[in-house]
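One chain follows as structure tokens, the form predicted on its own.
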């Protein structure tokens, strides 16, 4: 463990991170947002899920610095009388959960298919890649509309609201796995004919062990880069689905459902219900994308050799 820490301290990754102020600032903001979201019950002023803490008479109060605002609600309240700061914190937690869950599902499916397609090749490779092409031809919004409609008819709207989080994870995860599959396949094709793989075949290791124990660790770099970008894409996808009414219900606020719930009131003067969650969503996605760009540049072998 100590040796691993010493290698990390002297690594080019940490050296580059310390020299990149944008990466350091993005990482700090991202950690702050994630910790705030995960600790929502501890840091939020109110619990938006507790009816006893919500008063409909406080609905659509402006931010505290405006004339009709209240110090009890720093960023105002929404149409249900919920504190905007609290709903945004809880909404951020849900968006993080859905984004990370969807990316995990994408990675599991994509890595499995990419390993098999790249290592075995031939007809198996052609079949799996055509499946990926077919999957990419169906926009996730179309898939979400069909799945949401079928689920609501079969189980009812109330049941849909209870299972909205896992359902969104499955919808977003199933729609984006080809991104991982194609990248892993390309990496496996470049690795499977190298000497260490040939040596593993000579000593009699089976395909599964060679793919998982020897080839997969050498493709982790591309997986890390993709995952950072895909988390941002998954959060944006959840926000888009919620904005269209196909995602989280209003009773379970996510950043997307908060933006949607206040959009119809933005021109009547209650601009804060949509603007503040929108700003938080932009900041969250931006810092992830900035970190993803930095990580892609650092882990690029050509850039590394030239450093």
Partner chain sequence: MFAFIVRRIGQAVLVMLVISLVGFSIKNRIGDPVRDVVGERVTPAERAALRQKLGLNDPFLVQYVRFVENALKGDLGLSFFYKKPALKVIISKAPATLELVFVTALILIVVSLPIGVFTAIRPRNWFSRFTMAFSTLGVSIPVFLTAILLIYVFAVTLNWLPSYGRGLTVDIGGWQSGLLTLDGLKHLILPSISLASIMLPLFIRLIRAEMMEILETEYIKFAWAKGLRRSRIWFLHAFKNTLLPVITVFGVQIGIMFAFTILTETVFQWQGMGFMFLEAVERSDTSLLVAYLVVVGVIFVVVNTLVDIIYGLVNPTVRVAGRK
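In this text, the rigid core denotes the largest set of C-alpha atoms whose superposition between the two forms falls within 1.5 Å. None of these values were measured; they are calculated from a predicted model. Residue numbers count along the first chain shown, from 1.
Absent from the display: the form predicted in complex with the partner chain. The rest refers to it.
A.B. asks: Hey, in the model of the complex, does residue 44 get a heavy atom within 4.5 angstroms of the partner chain?
C.D. replies: Flag for residue 44 set to no.
A.B. asks: Can any non-hydrogen atom of residue 282 be found within 4.5 angstroms of the partner chain in the model of the complex?
C.D. replies: The answer is yes: residue 282 has a heavy atom within 4.5 Å of the partner chain.
A.B. asks: Can any non-hydrogen atom of residue 193 be found within 4.5 angstroms of the partner chain in the model of the complex?
C.D. replies: No, no contact at 4.5 Å.
A.B. asks: Please tell me whether any heavy atom belonging to residue 14 falls inside 4.5 Å of a heavy atom of the partner chain, as the geometry stands in the model of the complex.
C.D. replies: No, no contact at 4.5 Å.
A.B. asks: Would all three of 35, 39 and 49 be in contact with the partner chain in the model of the complex, where contact means some heavy atom lies within 4.5 Å?
C.D. replies: No.
A.B. asks: 149, 163, 126, 209: which sits within 4.5 Å of the partner chain in the model of the complex by any heavy atom?
C.D. replies: In short, 149.
A.B. asks: Are there residues in 109 to 142 with a heavy atom within 4.5 Å of the partner chain in the model of the complex, and which are they, in order?
C.D. replies: Those in contact are 130, 134, 137, 138, 139, 141, 142.
A.B. asks: Could you check whether the CA atom of residue 233 moves 2 Å or more between the shown form and the other one, using the rigid core for the fit?
C.D. replies: False for residue 233: its C-alpha shift is below 2 Å.
A.B. asks: Using a superposition on the rigid core, decide whether the Cα position of residue 149 changes by 2 angstroms or more between the shown form and the other one.
C.D. replies: Yes; residue 149 is a residue whose C-alpha shifts (by 2 Å or more) between the shown form and the other one when the cores are overlaid.
A.B. asks: Would one find the Cα atoms of residue 179 and residue 140 closer or farther in the model of the complex than in this form, where their distance changes by 3 Å or more?
C.D. replies: Residue 179 and residue 140 sit closer together in the model of the complex.
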